[in-house]
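Only one chain comes next, encoded as structure tokens, the form predicted alone.
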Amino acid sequence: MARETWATRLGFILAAVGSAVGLGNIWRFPWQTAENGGSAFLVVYLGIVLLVGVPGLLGEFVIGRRANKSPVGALRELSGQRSWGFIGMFSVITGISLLSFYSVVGGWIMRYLLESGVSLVGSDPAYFTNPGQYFGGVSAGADAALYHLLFLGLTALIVFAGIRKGIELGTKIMMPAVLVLLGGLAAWAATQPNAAAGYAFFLRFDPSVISENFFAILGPAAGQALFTLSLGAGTMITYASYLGEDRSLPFDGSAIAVLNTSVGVITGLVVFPLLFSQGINPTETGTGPGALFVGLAGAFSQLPAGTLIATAFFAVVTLAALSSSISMLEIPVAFLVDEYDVSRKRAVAGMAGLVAVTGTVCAFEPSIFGFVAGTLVNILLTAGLAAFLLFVGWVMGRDAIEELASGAGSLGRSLSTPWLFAVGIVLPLFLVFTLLTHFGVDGSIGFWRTVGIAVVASAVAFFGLRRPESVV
């Protein structure tokens, strides 16, 4: 069957931004920031986005557009080795893992949105009375599973409609709505009393916090950067596989990174001033996945027109969540369509059915949810991106430079060789080190020994993958 493509360049950019701009920015980013030192986390996070995220994004784009296939077929075809196809299978596993917890959180958000919307014409939302108790009652169990299935159903409907009529059309509507609503909320939050304290928590730079806690911040910041840019799961490989050769990958990648990061920062400019305006310290509201719901629900309950503000906020988060969840479902769907010539209808039904089961497990078991949403996702995304970049640098080699330069103009061509050096050597080394910190190796054997292990492991990978025509 003929493979679909994006109808417009804007459609691709908005779809990729939609994949990146989701719960990673609006749900996960605030509580990760609060857990890891506020502005110190923001500085490290922005550095990783610039130095790791953008080059990594281009690496995934190069693989996808070169092969016009999902990660499994792309790695196998470009390498000529079945073993790389098996490595590509990890992207399918990662996509299913991501959506398994993501749809549960999406279900929470839909519940809060519906509760807020209905309360516009009645009494205050139920979560206003005791936000912590309410969230504790709805975040796990049968209700959480039911809303998970509802959110997953909406996701499946969009993916079922295809690339142009489903994903592209949906994100063309959702992303402008997210930006407009979020910008309006940020402007309104700036007028609230004590908003300056929220800005200080979020934006004031204190070098001592970073110097004293750098390695404690590094792992979460790297995981957040990869999660929010949809890197390491194969999402961007899949989306780029629907691209034409006339697109400038450096331009598109930079635009996506800038828009994505801007949404994360704007969200911080909404959340933290709002919390501080009501005397709520984000470091004291409890950390973890429920922090945003509990802290903001408490703030909304104290505001004039709080129900209206809550409805607008949860509408933003719902749209952002859907724009990301469709990209996660598209990974395994594209795999079935490309590798087994399964119809999109059957592929969507099969994968949605599988995630319905795995997501329900996460909805009923908070311990499993916490492991999947935190440790497992951080490890899978970090390891996945490291594998993709090693593939670009040491398997594709000059082909990667040629693909990056195609449609990129003189500036893109001039940067292609330094970029390949970075994605082939520097970034995999950094990602291997970060992966070791996820496992707590640095805490057990010390920083320099961990660096040594990362260097040795990376060198083994470099020389094992090296081929004569490689340029790195």
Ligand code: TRP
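Keep in mind that what you see is a predicted model, and the values were worked out from it rather than measured. Residue indices: 1-based, along the sequence shown.
Omitted from view is the form predicted in complex with this ligand, to which the following refers.
**Q** Which of Thr228, Thr267, Thr155, Ser116 has a heavy atom within 4.5 Å of this ligand in the predicted bound form?
**A** Exactly one listed residue reaches within 4.5 Å, namely Thr228.
**Q** Exactly one residue in Ala334, Leu98, Leu389, Leu75 has a non-hydrogen atom within 4.5 Å of this ligand in the predicted bound form; which is it?
**A** Comparing distances to this ligand in the predicted bound form, the residue within 4.5 Å is Leu98.
**Q** With the partner left out here, check for me: in the predicted bound form, does some heavy atom of Leu381 sit within 4.5 Å of this ligand?
**A** Contact check for Leu381: yes, within 4.5 Å of this ligand in the predicted bound form.
**Q** Does at least one non-hydrogen atom of Ala233 fall within 4.5 angstroms of this ligand in the predicted bound form?
**A** Contact check for Ala233: yes, within 4.5 Å of this ligand in the predicted bound form.
**Q** Is it the case that Ala15, even though its partner is missing from this view, gets within 4.5 Å of this ligand in the predicted bound form, heavy atoms only?
**A** Taking the distances in the predicted bound form, the answer for Ala15 is no, it never comes within 4.5 Å of this ligand.
**Q** My question is simply whether Val104 lines the interface with this ligand in the predicted bound form - judged by any non-hydrogen atom within 4.5 Å.
**A** So Val104 does not count as contacting this ligand.
**Q** Name the stretch, out of 203 to 211, 67 to 75, 311 to 319, 326 to 334, where some heavy atom lies within 4.5 Å of this ligand in the predicted bound form.
**A** It is the stretch 326 to 334.
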